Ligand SMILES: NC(=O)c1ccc[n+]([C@@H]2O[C@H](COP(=O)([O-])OP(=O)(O)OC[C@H]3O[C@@H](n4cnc5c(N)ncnc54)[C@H](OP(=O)(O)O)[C@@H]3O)[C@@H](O)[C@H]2O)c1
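The chain below stands alone, shown as structure tokens; this is the form predicted on its own.
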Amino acid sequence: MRAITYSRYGSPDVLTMSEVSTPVAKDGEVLIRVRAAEATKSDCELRAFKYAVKWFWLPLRLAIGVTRPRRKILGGYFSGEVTAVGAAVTGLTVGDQVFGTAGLRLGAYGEYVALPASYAIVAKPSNMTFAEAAAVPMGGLNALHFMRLARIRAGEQVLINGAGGSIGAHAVQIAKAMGAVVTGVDAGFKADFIRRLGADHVIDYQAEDFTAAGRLYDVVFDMVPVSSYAGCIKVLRPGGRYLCGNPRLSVMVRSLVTNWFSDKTASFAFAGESREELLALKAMIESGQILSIVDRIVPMEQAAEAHRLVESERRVGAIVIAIGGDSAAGH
């Protein structure tokens, strides 16, 4: 099969098209013909092994590969079709159109990937193309996790810092579905996109500092690693909740202090990426509460360009790689 591979850490130019062996579904696994995979920040960070958040660098390096990557095929979030099932697999059958996560097994940048059937892999939303569905699991699962953790109540004021990214864009829509009044913060050129997703207010961080504007919020969901922790806590109302999706070690420590010594709460628990959460997202998509966030679809041969677009932050939505041809755009 064809796959986008890399054998050393570095710039997007380390990604190459290769012929590799097609995996086989073992007991408890399914083999999926991948149709589309989202090019995520996580993929870019693994490829370059450069992270905005530094504290997990050493354990991750030991797990992924000290001098070179152990797994040559990136791609953690995908859509496609089940082509084979191993022994003892229930709930998934050959021919099913699915979307889901590959976890640290990765491999979705290849035409086929074999994964445990117990992973978050469920039927693709009926009203999304393969490309649109591939752009959901990473952002959607993380956003749903944090919005549930925030315990949002109808009418509450929710600010999402980094609302134009994959996680932030889904968080805007999920918070709106929960009845919140949503303020999205990101670069000005993403304002129309964020409003289309349902945000009531949009702040261009290059023109206005939301931590100094004097407005207060019930919930602040922060996806920007370099934001001011003190500033985010300051704009919370009494009893407000701060949630950090990219916590620095200092933020993790200061969160404990906030929880101990104030009436506000701070959380940074990471998403579990469960089947239940993915099924909840599917239901929200099919009911029209979550829209596609795809910016563009690129062929496998342009994987390096896909990574450059993700790293440049000059995208408005998700960058999706069509795996094996143009079929990613269709149903």
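Not measured: the values here are computed from a predicted model. One rule holds for the numbers: they count along the sequence shown, beginning at 1.
Note that the form predicted together with the ligand isn't included here; everything after this is about it.
Contact between residue 271 and the ligand in the predicted complex is found at the 4.5 Å heavy atom cutoff. Taking the partner from the other structure, the ligand in the predicted complex has no heavy atom within 4.5 Å of any heavy atom of residue 79. In the predicted complex, the ligand sits within 4.5 Å of a heavy atom belonging to residue 146. Taking the partner from elsewhere, residue 185 is found to have a heavy atom lying within 4.5 Å of the ligand in the predicted complex. Between the options 224, 123, 85, 114, the residue in contact with the ligand in the predicted complex by a heavy atom within 4.5 angstroms is 224. With the partner omitted from this view, the residue of 240, 107, 245, 137 that lies near the ligand in the predicted complex is 245 [heavy atom within 4.5 Å]. Stretch 37-45 is the contacting one of 37-45, 276-284, 296-304, 66-74, since its residues have non-hydrogen atoms within 4.5 Å of the ligand in the predicted complex. Residues of 162-181 that come within 4.5 Å of the ligand in the predicted complex, judged by any heavy atom, are 162, 164, 165, 166, 167, 168 in sequence order.
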